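Presented below, as structure tokens, is a lone chain in the form predicted on its own.
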């Protein structure tokens, strides 16, 4: 575990100010795509610096539907290549991140009046299995009676049948973080809360100069912009004009006892070519997503009463006995998808999820669009182009770049946790819970945790205090909101958005950085503001 806290951050800032030596590659953006690019390039032997305006996975990469999937609905759009690629990458993620990507049976019911009836679903899922080369469990058709046995919450009236098929669930923020951490393990450096204000062309030896908002200038042989919905003309010049269509997606979180689904459900939206998911999440269940055109700052796409009403009204007919009212909502999240603009699309749901690589006249590259599931393939494609360019700048005696190996190398090194002795059930539970988020390093985390560190932060949630200290010292958390939103999802799973713990978390973080009581107040205000923007809720710290 390579330390990544306040001291490392200060040292990197100092290095950037004092050293003029160019980096082989500067990546702008630490979402899943930028993280994948940094990891791939570092594993090939390039010197890599990642610059991020906010936190790791601040944008789209922590606000998705938390699925690693081939995209069943893209079959209807004729996107066979995209589905094939996504299914292949899903299989690779099963192997490289088994603690974060879990194969799950999804249930896709069809009701009278739905656009996709049973025979269309069976035909589509047969093609889905074929594109997956029949790896994993094949789909299964369920009669109405069998469907309701599999999921008793399903409405009986109008049910024509269902299909059960395999896809995967994940923790999008932690998957992104795992990729970033492995990039650092291979030598990449990552500086968050370092907005890039300009990218300039320069003369040799470096082709580019990247300017930060504090005046720091970083030289680079190659620059890749992976800024998601922030990929605009500010960084890309004319190439950034009219490049993207932004789509807002909203999700609601409720208690599992209110919506106790047994497996993820797919809900068809009447008269539209889109679907919603209802996904079990431990002691919670989440529902979503919306798919609406969005304009404005991608970091400020909040949840509105209309968003909540839309999701509840769409799911309620399918799950009529579940508690689906505004008072049942524990939390919510909203994010913006950066879709490559397409002419003729009648709605954002019809815009392709394919990616595109664009290039400025001076050679700055950018990658836009794509899916969480296919991030690794996207990274490989663009790093191939970067390597060809960077090797030209290396002296003749410099070793050539290594081939891409990201398809086979695990994200977290080590073996899964061993079974604990029967007489130490508490330790076994701790290791198991930590392993679901941290993988093999859970053993070391559990061994180092004292009694206070083993305690749960919130009584009905699995997160532990030792994870807070780990986030501060080893996972690059700069602000308290980074801990409670993207390292541990307390903002999304706790009805008070982490309010009962936020003062202690802020205090630990500020103490580790050498701050003051005023800094703690600033952390609390930042937490309130970000929670209010994203979730539509204004948290209050108990007295």
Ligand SMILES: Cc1cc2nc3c(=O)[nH]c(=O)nc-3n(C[C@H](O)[C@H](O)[C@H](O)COP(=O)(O)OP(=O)(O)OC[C@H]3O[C@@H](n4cnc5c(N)ncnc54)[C@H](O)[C@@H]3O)c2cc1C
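Residue numbers count along the first chain shown, from 1. Not measured: the values here are computed from a predicted model.
FYI, the form predicted in complex with the named molecule isn't displayed, but the following is about it.
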*State yes or no: in the model of the complex, is some non-hydrogen atom of residue 489 no more than 4.5 angstroms from a non-hydrogen atom of the named molecule?*
no
*asked:* Quick check on residue 483: any heavy atom within 4.5 Å of the named molecule in the model of the complex?
replied: no
*Heavy atoms within 4.5 Å of the named molecule in the model of the complex: does residue 55 have any?*
yes
*Does residue 61 reach the named molecule in the model of the complex, with heavy atoms at most 4.5 Å apart?*
yes
*With the named molecule left out here, work out from 396 to 404, 194 to 202, 434 to 442, 457 to 465 which stretch has heavy atoms within 4.5 Å of it in the model of the complex.*
194 to 202
_Quick check on this chain: which one of 51, 502, 42, 510 has a heavy atom within 4.5 Å of the named molecule in the model of the complex?_
51
*Between the options 251, 284, 99, 174, which residue brings a heavy atom to within 4.5 Å of the named molecule in the model of the complex?*
251
*Decide if the three candidate residues 30, 289 and 371 all line the named molecule in the model of the complex, where lining means a heavy atom within 4.5 Å.*
yes
*Relative to the named molecule in the model of the complex, which residues of 83 to 99 have a heavy atom no more than 4.5 Å away?*
none
